[in-house]
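For reference, the chain that follows is the form predicted on its own, supplied as structure tokens.
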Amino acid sequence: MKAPALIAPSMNCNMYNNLVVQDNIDKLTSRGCHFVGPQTGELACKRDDIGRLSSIDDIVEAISDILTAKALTGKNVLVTAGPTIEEIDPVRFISNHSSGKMGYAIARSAKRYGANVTLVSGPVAINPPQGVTTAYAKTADEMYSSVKSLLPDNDVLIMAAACADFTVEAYSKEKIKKGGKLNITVNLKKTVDILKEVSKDKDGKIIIGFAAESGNLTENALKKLREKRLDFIVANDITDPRAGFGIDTNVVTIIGSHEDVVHYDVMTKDALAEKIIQKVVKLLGEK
């Protein structure tokens, strides 16, 4: 074939499961054709089974995957994403506005480049990327445990999650009642600093951090870069409406390990994820 071929089949489940069709799919696959789907869902006959056309997003992702050079083949990349939740009582918790979109975009991009990707996600409302191994962590301690156990088998850690910085000193098993009180005090303590802990012994791994700041962006990001011995850090000013939580764009400054500072204009989180993974590819090539 002169160009990659992608096929998105859609048909009745009985046709799709027919041995002749399956043999033809196997033959086309062996000759270099790529397939996306079909998905399971309600068919024209009203039966719920396999045979639905893949979503447009999945087809576009499959196209992007095919057309991306596999510069990370054989590399294992660990990505964290989303917020964590620290419970106060059975109905209340401490968290933040992170949607997980940035981390999920990074995981997709790393997968496109051929990496074996593991995504550790906090509680989010988006679907996990296709072809990515996804695990879930609710609290900062759970995310730390997951990262600590998975990191030895990975070449790269991209810590895009917005872990809660504080948790309660004493969790209440019963719902805290207002009663006649005008004020209720909840004592907090710091959560584990995951990046600081795992970067103590990098063992040749590439570790990338994120910094969401509301002031002194470069100074604060530089401090974090130095303290946590990062290969580079991605910092954004959360007061910029184009760079806040839950939206599809970002405006960032990336600072490298030699403290080289590069400011980027507004771009989509998918475009930024591509730039981050390209920097990872370059760093791996230099090692």
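Only a predicted model underlies this, so the values are computations on that prediction, with no experimental measurement involved. Numbering starts at 1 and follows the sequence shown.
In what follows, reference is made to the form predicted in complex with a small molecule, a form of this protein that is not presented.
Of the candidates Ala71, Ile85, Val124, Ala212, Ala212 is the one whose heavy atoms come within 4.5 Å of the small molecule in the model of the complex; the others do not. Scanning Asp155, Asp193, Glu142, Asp89 against the small molecule in the model of the complex with a 4.5 Å heavy atom cut-off leaves one residue, Asp193. Between 99 to 107, 158 to 166, 112 to 120, 131 to 139, the stretch whose residues reach within 4.5 angstroms of the small molecule in the model of the complex through a non-hydrogen atom is 158 to 166.
When the small molecule is considered in the model of the complex, Arg229 lies well away from it, no heavy atom lying within 4.5 Å.
The small molecule in the model of the complex comes within 4.5 Å of a heavy atom belonging to Lys224.
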